[in-house]
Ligand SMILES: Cc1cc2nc3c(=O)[nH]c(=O)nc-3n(C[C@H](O)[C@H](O)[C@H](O)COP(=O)(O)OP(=O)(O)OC[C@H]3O[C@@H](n4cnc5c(N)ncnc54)[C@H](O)[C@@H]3O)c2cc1C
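The chain below stands alone, shown as structure tokens; this is the form predicted on its own.
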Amino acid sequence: MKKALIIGGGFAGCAAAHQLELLDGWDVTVIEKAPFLGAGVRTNWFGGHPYTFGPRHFLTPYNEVFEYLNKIIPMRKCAEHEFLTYVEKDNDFYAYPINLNDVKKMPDYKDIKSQMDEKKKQEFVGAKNAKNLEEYWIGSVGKILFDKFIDNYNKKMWLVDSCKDIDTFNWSPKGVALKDGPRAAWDSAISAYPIAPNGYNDYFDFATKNAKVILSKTLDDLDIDKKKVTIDNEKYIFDIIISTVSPDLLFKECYGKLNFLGREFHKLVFPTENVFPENVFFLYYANDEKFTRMVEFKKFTKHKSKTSLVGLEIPSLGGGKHYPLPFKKDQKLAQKYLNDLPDGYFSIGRAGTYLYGVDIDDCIRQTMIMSDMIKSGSQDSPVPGEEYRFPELKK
């Protein structure tokens, strides 16, 4: 029987364990530094309410990924979810992604329309030739909408002084696709959340039921070429290693440290059954507030209570490795580490790919691709799926 080590017991790690179980013939070990599986996707309770560390909305364009998860933990489709952004200048809330219905209601609509018409005449040339996030958005929708929705939000989201510092934008595709209707950007995706009160938790146990799970531990040492690891002074050799952690950690940061942003997460209980308007799941704040967004959890969980739990997020340099940075210099460093991974390694998940846009559905899909690669004996890339290979660096 072949042996596999999975480093990290978050969603990607647990999904990888299940895919190896489906393959048969694998003895799987999962090592996780936390005392539980699921990482930030694990459901906890506060004030009688179920919650996760930040919203863990399941959103996917891949029907096969939804069906896979739905068979294991039944999912509830969220057909009528809306996101709102507060624009202090107008003292009003508008739907996000930006849509023409709301733009027409803005007090400066005539000026916005003039800018948008000019960009349309140019066929979004400015956006196509953009070198940074500011140029991309101004080149697609004009400066007024950029100032209202994008500038302050992304500066505090990524803790930068200017959106010109952000030199990738494939993860921010909506500026050149402004449409009518409050949910235009999500029309092609499945939106869902687990029905069970404990959210995704049952999946983590199910996916790892036949694996050896080691909690509250990290590797003492890793001989990367021999796939030899030391755990609690015991040495083990594996046939494959699947890593869901930042790739620099596998190489002891020999080329330098990969940077991440964390989150301060605050839980607020309100003395009312509902806080947000009907169907509104997220509130974004695009001004000089320190926080970026809030989520009312019962909109996802359908929890019944006379009170309501709201989560508030503040970007932080500490507080965990939640967001890889969308900067080319950081992605190039990550790619350098990934290129050095020997055969028999797979690097998956948001941290493992060092891509901000990788979410729950991508984690599952990566493990499905990984499974096909193992079956075929192909290991052309340590990151399963070509779309996960820093598309901005190929320009």
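Quick note: we count residues from 1 along the sequence shown, nothing fancier. As the structure is a computational prediction, the values presented were derived from the model and not from experiment.
Note that the form predicted in complex with the named molecule isn't included here; everything after this is about it.
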Residue-level contact is defined here as any heavy atom of the residue lying within 4.5 Å of the named molecule in the predicted bound form; does D340 satisfy this criterion?
no
Decide whether D27 counts as a contact residue for the named molecule in the predicted bound form under a heavy atom distance cut-off of 4.5 Å.
no
Interface membership of V358, the named molecule in the predicted bound form, 4.5 Å heavy atom rule:
yes
Would K33 count as a contact of the named molecule in the predicted bound form, using a 4.5 angstroms cut-off between non-hydrogen atoms?
yes
Interface check vs the named molecule in the predicted bound form: of H81, K156, K298, R293, the one with a heavy atom inside 4.5 Å is R293
One residue of L69, M368, L333, V41 in contact with the named molecule, assessed in the predicted bound form (non-hydrogen atom, 4.5 angstroms)
V41
Taking 4.5 angstroms as the heavy atom distance cut-off, pick the stretch from 94-102, 229-237, 144-152, 216-224 that is near the named molecule in the predicted bound form.
216-224
Go through 305-335 residue by residue and record those having a heavy atom within 4.5 Å of the named molecule in the predicted bound form; state none if no residue qualifies.
E313, H322, Y323
